[in-house]
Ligand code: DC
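A single chain, nothing else alongside it, follows as structure tokens in the form predicted alone.
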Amino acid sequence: MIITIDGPAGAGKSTVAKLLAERLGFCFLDTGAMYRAVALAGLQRGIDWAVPEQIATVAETVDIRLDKDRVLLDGQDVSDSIRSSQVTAVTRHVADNPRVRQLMVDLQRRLAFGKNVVTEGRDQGTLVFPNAELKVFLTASPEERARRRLRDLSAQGESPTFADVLQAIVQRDQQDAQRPLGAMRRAPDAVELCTDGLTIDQVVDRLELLARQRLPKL
């Protein structure tokens, strides 16, 4: 069974997808981490982000592995470093690269083949797994997502203002909705869930109920 969770940045997709996978005994596929890992590798190599071929070369030559809640880049644990503002700022170049996009989609499908998977991202239910048994579009207000992002950045030692984070969230939404590849949009058959005012456990409870309704034998 494939469960896809799409939605805007900061909606809590990774957190709830990981917890849902644990409850169901499914594998968790953090697709956003894959693009971030390529972006981090590009920063480390000092590539020119205006040259698509250089970005594609990075994606073709790195080894990305997902080990439960860890992200490994060429054998190194980069789970924390891929969440930095520097990586966030350049990940769009990676996600908009046609060659990289195809490589990542192929990798995601290979990783999910023959398994029970909870996968999250921006285009999982629309492009990567259009036949998924359960599709969820997880969202939250820009203000709520900005507060969450601010907490994450503070925990990493960064200190942006709320206004700056909110502006970045709004701009990111606009960019994600207009991307030529993998644009953020709700699949017609997706269940939409707004997480404003809900605890993480409450969100996961609702998603688990939906999953068990789709596959009663769970």
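Just so you know, these numbers come straight off a predicted model, no measurement behind them. Each residue number is its position in the shown sequence, starting from 1.
Keep in mind the form predicted in complex with the named molecule is missing from the figure; the text below concerns it.
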| item | value |
| --- | --- |
| Contact segment among 43 to 51, 170 to 178, 157 to 165, 63 to 71, judged by heavy atoms lying within 4.5 Å of the named molecule in the model of the complex | 170 to 178 |
| Candidate spot 83, 95 and 124, all three touching the named molecule in the model of the complex (heavy atom, 4.5 Å) | yes |
| Residue 101: touches the named molecule in the model of the complex, heavy atom cutoff 4.5 angstroms | yes |
| Contact flag, residue 91 vs the named molecule in the model of the complex, heavy atom cut 4.5 Å | yes |
